[in-house]
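Here we start with a single chain on its own, the form predicted on its own, put down as structure tokens.
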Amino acid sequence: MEQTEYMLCAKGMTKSFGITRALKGVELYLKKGEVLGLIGENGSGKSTLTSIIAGIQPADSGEVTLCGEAYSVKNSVEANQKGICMILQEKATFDQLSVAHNIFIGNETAFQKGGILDNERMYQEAEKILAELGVDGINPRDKIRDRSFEDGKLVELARAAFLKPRILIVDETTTALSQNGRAILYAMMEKIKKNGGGVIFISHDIQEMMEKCDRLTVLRDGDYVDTIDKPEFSEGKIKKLMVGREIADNYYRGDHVCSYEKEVVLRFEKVTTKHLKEVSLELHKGEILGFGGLADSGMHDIGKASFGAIPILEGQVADKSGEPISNPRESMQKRIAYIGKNRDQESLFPNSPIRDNIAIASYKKLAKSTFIAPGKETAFVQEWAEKLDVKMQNIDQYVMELSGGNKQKVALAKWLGFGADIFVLDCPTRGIDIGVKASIYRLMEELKAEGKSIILISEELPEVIGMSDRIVILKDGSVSGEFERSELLTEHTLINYMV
């Protein structure tokens, strides 16, 4: 392959984690002035490859050249110095630090005089960078812990903008952003492209990739499959390259019938939280109740309030007998499960093994007196990991080493093994490939058929429309519309109630 037109070339890249071969001689070529899409199912090697380029971890073998010169870095700081910056899918900010300190972390010397840090000048510069990006409403003095997950991602974009990278790597970041946040990211990508730099863009949203990318490189199971140019883009072709077989276009529910039992299993009675205003609603047995809205609509509070994970200022969330739910312990006693949007912080212990993550909700069930037989725990975890088809070395592998889809399978296995009757799923397919998405949708249908109830909160309207019996749209913390399942229901209809 002629390489003079490429600013970054990676060849023969290999990486193993124990017996798992994450990369098997992968190649990637990035041109100047382009957005190169990197796509594949969870576990295909996308994040492993880009994290090597970004200096987060070393390769076992292979070579990388940057603008024709050998490229080798020991860490992400060295990568930044060479003009390569990566925005991760998961959180990469520090809660105890201010927005400004997060933007300039590692570069504080630029604001020092006589060894003393000039915080005021740092705040002013942070405000300027945020404004240039088009970010409104984030005070540089605020602590990150007081800002939303999305705001944290925008702060990470500001950090990257300050570094002025030649190459920006975007790993599944759009799944954490609202439409406005995505527009800010897209504008940043376009600016880098126009300035002769390059962007490596990772997303599971095929339509987004087709729209934003100039070329697409496809990986599968750690192998390089193909690179295709924009004129060759088609959803069917991309899916087939990703999974090695034809994938049906529609993997949502096949019926258009709103069906559930009369019994109410969970009730919101004029619930007011930080982001909700006197919301009343009912969840029925065997129902998938969907929620949609903009990022600040309050829909994510629905999930947290259902699990007793946030303070309820007025009103109450009650179970089928009318008893209030005020904390996660009570919700678990009532067989309620919760998987949050930010799974690493809300649903999993990434620094612990799969074994502990799956077993933790079921310790009472597994214990005899106060003792849990190791063999019994192992059999339990192994059974549910296998039922969910978790791709792993073994059940003692750390969750942080898994792909996004396999992390989500572990979170689901925990609650399925627990025996929950109500599942609260907030953005359950965020950052997950089409194969795992389809398996989660089939699981939801199975749970519904068993009489389980599901609260589905999603920022993807096709998902809400495709899976829900009823849909509640929230706007500014209040219910603005409610719709029953129908083949005539469209995204356009729902959007009118969201904005």
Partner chain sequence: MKKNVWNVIRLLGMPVILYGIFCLLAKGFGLHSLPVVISQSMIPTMMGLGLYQVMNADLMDLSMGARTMFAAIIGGLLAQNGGVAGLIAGCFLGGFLVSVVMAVLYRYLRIPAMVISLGIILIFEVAGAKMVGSSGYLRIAPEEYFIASYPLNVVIVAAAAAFAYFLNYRTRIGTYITAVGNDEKMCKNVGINPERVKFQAITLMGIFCSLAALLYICYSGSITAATEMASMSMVFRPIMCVILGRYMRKYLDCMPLLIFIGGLSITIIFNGFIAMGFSEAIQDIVLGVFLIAILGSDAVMGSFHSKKAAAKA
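Heads up, when I say rigid core I mean the largest set of C-alphas that superpose within 1.5 Å between the two forms. Positions refer to the first chain, counted from 1. None of these values were measured; they are calculated from a predicted model.
Keep in mind that the form predicted together with its partner chain is missing from the display, and what follows is about it.
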Out of 91-99, 201-209, 170-178, 355-363, where are the residues with a heavy atom within 4.5 Å of its partner chain in the predicted bound form? 91-99
May I ask you to choose, among 234, 112, 72, 326, the residue with a heavy atom within 4.5 Å of its partner chain in the predicted bound form? 112
Select from the listed residues 143, 387, 240, 182 the one whose heavy atoms reach within 4.5 Å of its partner chain in the predicted bound form. 143
Taking any heavy atom pair closer than or equal to 4.5 Å as contact, tell me whether residue 67 reaches its partner chain in the predicted bound form. no
Residue 438 within 4.5 Å of its partner chain in the predicted bound form, heavy atoms: no
I'd like to know whether residue 105 contacts its partner chain in the predicted bound form, with contact meaning heavy atoms within 4.5 angstroms. yes
Contact between residue 77 and its partner chain in the predicted bound form at 4.5 Å, heavy atoms? yes
Could you list the residues in 42-57 that come within 4.5 Å of its partner chain in the predicted bound form, counting only heavy atoms and keeping sequence order? 56
Rigid core aligned, does the Cα position of residue 54 differ by 2 Å or more between this form and the one not shown? yes
On a core-based superposition, does residue 152 travel 2 Å or more at its Cα between this form and the one not shown? yes
For residue 104, state whether the C-alpha moves by 2 Å or more between this form and the one not shown after rigid core superposition. yes
